[in-house]
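First comes one chain, alone, set out as structure tokens in the form predicted on its own.
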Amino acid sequence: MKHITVNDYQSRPVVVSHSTSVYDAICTMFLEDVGTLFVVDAQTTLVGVLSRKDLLRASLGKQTLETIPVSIIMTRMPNITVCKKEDLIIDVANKLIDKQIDGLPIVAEVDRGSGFEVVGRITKTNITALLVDLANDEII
């Protein structure tokens, strides 16, 4: 297991624009069946992360969710834990446990915005798939 990288078990990221409304973000999360959305700016660089808890918290009260942009409620850079494709999956699993989060953006470095472009995601479900493969001796 110590040689398995994020690249071996990553999945497709679900990304929204920083100007997306909270209502549209909730719809996207539901339709894509994910627990985390990654927020990007106009240059497609990572600027934030939205969790189910963030969206639930925003939906409490009497705010008009169609008019509130996700940039108001998201967790912002640099307070986002990220990983890269070449990172060991055991290290990423430890980050998920330590930070008590459901998933991480997999990023590539770019020369604009935050300096990161989202290229994938790794989640607790991806880690569970790895454990099942290990139990079934499907890992070489």
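Note that the structure is a prediction, hence the values are computed from the model and not measured. For every residue, the number given is its place in the sequence shown, counted from 1.
The same protein has a further form, the form predicted together with another copy of the chain, not shown here; the description that follows concerns it.
Chemist: I have Lys53, Asn94 and Ala135 flagged as a candidate spot, so tell me whether each of them has a non-hydrogen atom within 4.5 Å of another copy of the chain in the predicted bound form.
Modeler: So, yes: the whole triplet contacts another copy of the chain.
Chemist: Any of the heavy atoms of Arg57 lying within 4.5 Å of another copy of the chain in the predicted bound form?
Modeler: The answer is yes: Arg57 has a heavy atom within 4.5 Å of another copy of the chain.
Chemist: Would Thr67 show up as a contact with another copy of the chain in the predicted bound form if we use heavy atoms at 4.5 Å?
Modeler: Because no heavy atom of Thr67 falls inside 4.5 Å of another copy of the chain in the predicted bound form, the answer is no.
Chemist: In the predicted bound form, is there a heavy atom of another copy of the chain that lies within 4.5 Å of any heavy atom of Tyr9, even though the partner is absent here?
Modeler: The answer is no: Tyr9 has no heavy atom within 4.5 Å of another copy of the chain.
Chemist: Would you please decide whether Ile90 lies within 4.5 angstroms of another copy of the chain in the predicted bound form, comparing each non-hydrogen atom pair?
Modeler: Within the cut-off, so yes.
Chemist: Among 39-47, 104-112, 57-65, 73-81, which stretch has residues with heavy atoms no more than 4.5 Å from another copy of the chain in the predicted bound form?
Modeler: In short, 57-65.
Chemist: Would you mind checking 118-137 for residues with a heavy atom within 4.5 Å of another copy of the chain in the predicted bound form?
Modeler: Result: Lys124, Thr125, Ile127, Thr128, Ala129, Leu130, Leu131, Val132, Leu134, Ala135, Asp137.
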